[in-house]
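A single chain comes next, written as structure tokens; it is the form predicted alone.
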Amino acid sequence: MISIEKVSKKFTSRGQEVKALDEVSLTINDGDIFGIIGFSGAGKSTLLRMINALEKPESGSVTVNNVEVSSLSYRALRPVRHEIGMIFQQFNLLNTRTVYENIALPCIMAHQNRQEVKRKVSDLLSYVGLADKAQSYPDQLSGGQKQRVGIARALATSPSILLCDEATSALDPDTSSSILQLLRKINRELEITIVFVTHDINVIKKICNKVAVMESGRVIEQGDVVEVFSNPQHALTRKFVATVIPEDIPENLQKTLKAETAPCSLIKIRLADRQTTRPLIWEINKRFDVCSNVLFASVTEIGGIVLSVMIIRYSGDPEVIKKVKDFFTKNSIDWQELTL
């Protein structure tokens, strides 16, 4: 488990003091794929570097696998860092070394014997899909292949934690998706906890089960990805989520609805997992004397869970519409009434 408690950090830039982290607290459980999202300058990469003590907090504490890394000496940090692999945006490979040598480097630095290194590198190359690239050099590889080498190198010390700093930002969408699939496989099969810093909400949507949203050095929202995506509380979170789950009614339709005089209600409902297959609108139309008009609907998959959002216009007797709302509440349907 990773526990970050009230961590603060300041830097000086061009003579001005910048607060990179401001009393940040997070708990990352074993087995999580934990996403940290925010725009440039939010403090997310600084926070990531706190986990392997590449940065030290000015106040607060960072505990990794029951060891408070924020107070350790360089020598005491070595066995802790052995448990933490890191994957970078720009791959950070040695261009004068072969793929085999790049992956073997952490093993050699750990003084493992030659046969053990050979076996481990061979297994890792197969695992990341590069069994035929052992003697290639980085400049002979595509961006996706370079990142697979970076992942294999990060796995060479058999870590329990992988830190990913914008690990797909330099890749095209298709290659990015394949790397995310590989990371999900690593998390599932090798039971490695992954912490993924990104500015791309699609990364969070595709593989993460937990998320923290950062702005100006602070965590402004955090929780299960489905819960945060279903009901974002902060304006920045809503801005991120809206890029993958649009929920706005078009302006022209809003004007038409405002011009109508018949009593009606606009209800936004969110359905997750098994709820999404329930014939909800049919049930309501059969049970209540109301007219239903779906103005908007979207279905997306988030961390393996299907999330559906609908905006429905109900018209009819206000008392009957109230019964529809009570039906949603009694059936544990997440709903809210919208105003134009």
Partner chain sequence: MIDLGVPPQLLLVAAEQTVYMVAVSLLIGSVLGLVMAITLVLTNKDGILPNRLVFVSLNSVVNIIRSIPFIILMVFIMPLTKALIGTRIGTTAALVPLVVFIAPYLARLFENSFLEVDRGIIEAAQAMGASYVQIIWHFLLPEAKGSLILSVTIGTIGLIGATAMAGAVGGGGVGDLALTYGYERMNFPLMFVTVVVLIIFVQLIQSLGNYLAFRSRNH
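Fair warning: this is a prediction, and the values are worked out from it, not measured in the lab. Positions refer to the first chain, counted from 1.
There is another form of this protein, the form predicted together with the partner chain, and it is not shown here; the text below is about that form.
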| property | result |
| --- | --- |
| One stretch from 177-185, 198-206, 104-112, 265-273 that, in the predicted bound form, holds residues within 4.5 Å of the partner chain by heavy atom | 104-112 |
| Contact flag, N52 vs the partner chain in the predicted bound form, heavy atom cut 4.5 Å | yes |
| V121: touches the partner chain in the predicted bound form, heavy atom cutoff 4.5 angstroms | no |
| Distance check, L93 to the partner chain in the predicted bound form, heavy atom within 4.5 Å | yes |
| Interface membership of R153, the partner chain in the predicted bound form, 4.5 Å heavy atom rule | yes |
| Proximity to the partner chain in the predicted bound form, single hit among K210, R81, K146, K133 (heavy atom within 4.5 Å) | R81 |
| Contact set, 135-153 vs the partner chain in the predicted bound form - heavy atom within 4.5 angstroms | Y137, D139, R153 |
